[in-house]
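Only one chain is included here, represented as structure tokens and corresponding to the form predicted alone.
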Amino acid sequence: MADAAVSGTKTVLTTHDGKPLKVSLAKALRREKLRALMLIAPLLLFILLSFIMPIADMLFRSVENGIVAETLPKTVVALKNWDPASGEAPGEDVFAALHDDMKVAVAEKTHTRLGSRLNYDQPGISSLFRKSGRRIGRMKEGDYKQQFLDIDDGWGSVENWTTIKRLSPTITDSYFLASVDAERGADGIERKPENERIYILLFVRTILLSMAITVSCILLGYPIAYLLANLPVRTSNLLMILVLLPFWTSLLVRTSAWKVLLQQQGVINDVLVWIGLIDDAGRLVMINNMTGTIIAMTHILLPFMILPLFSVMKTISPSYVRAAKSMGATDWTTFWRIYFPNTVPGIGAGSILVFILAIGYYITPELVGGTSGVFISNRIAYHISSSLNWGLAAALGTILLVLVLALYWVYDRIVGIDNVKLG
């Protein structure tokens, strides 16, 4: 129990051991907060290692460019006095510095990595470093410029040296510029040639197809969820097993099955020909295009729409509908004015799930999308696993993340994230 002690004219509550009650309560509160922190520490550590750090690393890689300054330190310093506007290759001092740097780089076997990095911005420059690396040890003292030019005329190209100088800083915007089909030229930032612009198209296609898949999941999932929510429990549980059944099958198997079904000589076209809707010469092209991507991904993501809708619909009391009908409302008015508004939170939750999952898919679009149905995620996967251009992949991933967050913000402003629930 707390005791009372008089201090001057003010009464101070104390504990049985004489400590002020306010101090003891503050200490107990700190102890409870520390205990709570220790309980959630494993989760915080997991989020830090699996979510925060990868995103931070992606952001860093999208602007990091230390390889030029680390591999050619003397050359970078010598290039500061060279003006690309002169229209001529650098002088002997730069080539002498390049010779010294190349000897070290060849010994450490880093010149090829540098060439590959520069090749992203200036195609063909990697061959200069490979050729020079093989012959750097046979160079004689003095007149290095001519010896490099004898190895390859590309060392006399102003464009190549401009690229090296432009990429000398340890922080670069070249990856982000490439991600929006732009580049930094002699006159500043400019658009790439029209036949090289692919990324903005892929971003737009990814957003539009993801929205189309989300809408198709709503149109197909809503009546199914309504049926499940209003059937007897025994029948509803049996049908719910059929909804969850695709989760028991590999994603790759389901996608491969759609390749068989959608091809021109596939099951769907055969059935349409058999029932006379189309003739054999007019078989539908539903694979290796946007149509194939939408159909396959709608099938794969449909359960993620049905489950939130079903959970919300089960919480809607049937008395709402009966009350509306008892007051003279038609079936349509009852549904649209009473039932549907109560299911909006489920639609919101399902739409967020489906859209976020769709925007990051790359296996299904790769298999059924062809050239017109692939997403930006397919290009990110290509740069990570094939071209090894991790900086460009990181920049593309960062832009995609910003787009998703922007769309999420718009959704919150229009619908309200507080109106989203899973049941």
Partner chain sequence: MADIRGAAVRFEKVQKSYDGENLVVKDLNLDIAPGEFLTMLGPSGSGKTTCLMMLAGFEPATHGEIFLNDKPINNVPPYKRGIGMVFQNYALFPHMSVAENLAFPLQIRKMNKTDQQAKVKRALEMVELGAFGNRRPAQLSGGQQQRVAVARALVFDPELVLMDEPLGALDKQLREQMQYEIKHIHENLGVSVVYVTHDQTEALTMSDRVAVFEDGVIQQLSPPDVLYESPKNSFVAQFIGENNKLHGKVTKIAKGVCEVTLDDGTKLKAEPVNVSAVGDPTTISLRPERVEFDNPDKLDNTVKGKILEILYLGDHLRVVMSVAGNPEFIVKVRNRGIKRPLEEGKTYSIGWSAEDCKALDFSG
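Everything numeric in this text was worked out from a predicted model, so none of it was measured. Numbering follows the first chain given and starts at 1.
Below: the form predicted together with its partner chain, not depicted.
- Residue contact with its partner chain in the predicted complex: residue 232 places no heavy atom within 4.5 Å of it.
- In the predicted complex, its partner chain stays beyond 4.5 Å of every heavy atom belonging to residue 201.
- In the predicted complex, no heavy atom of residue 300 sits within 4.5 Å of its partner chain.
- Put simply, residue 109 is far from its partner chain in the predicted complex: not one heavy atom of it is within 4.5 Å.
- Stretch-level contact check against its partner chain in the predicted complex with heavy atoms at 4.5 Å: of 243-251, 283-291, 338-346, 202-210, the positive one is 338-346.
- Contact with its partner chain in the predicted complex, defined as a heavy atom within 4.5 Å, holds for exactly one of 329, 272, 238, 139, namely 329.
- Here is the short version: of 81, 86, 265, 319, the single residue with a heavy atom within 4.5 Å of its partner chain in the predicted complex is 319.
- Applying a 4.5 Å heavy atom cutoff to its partner chain in the predicted complex picks out no residue from 78-98.
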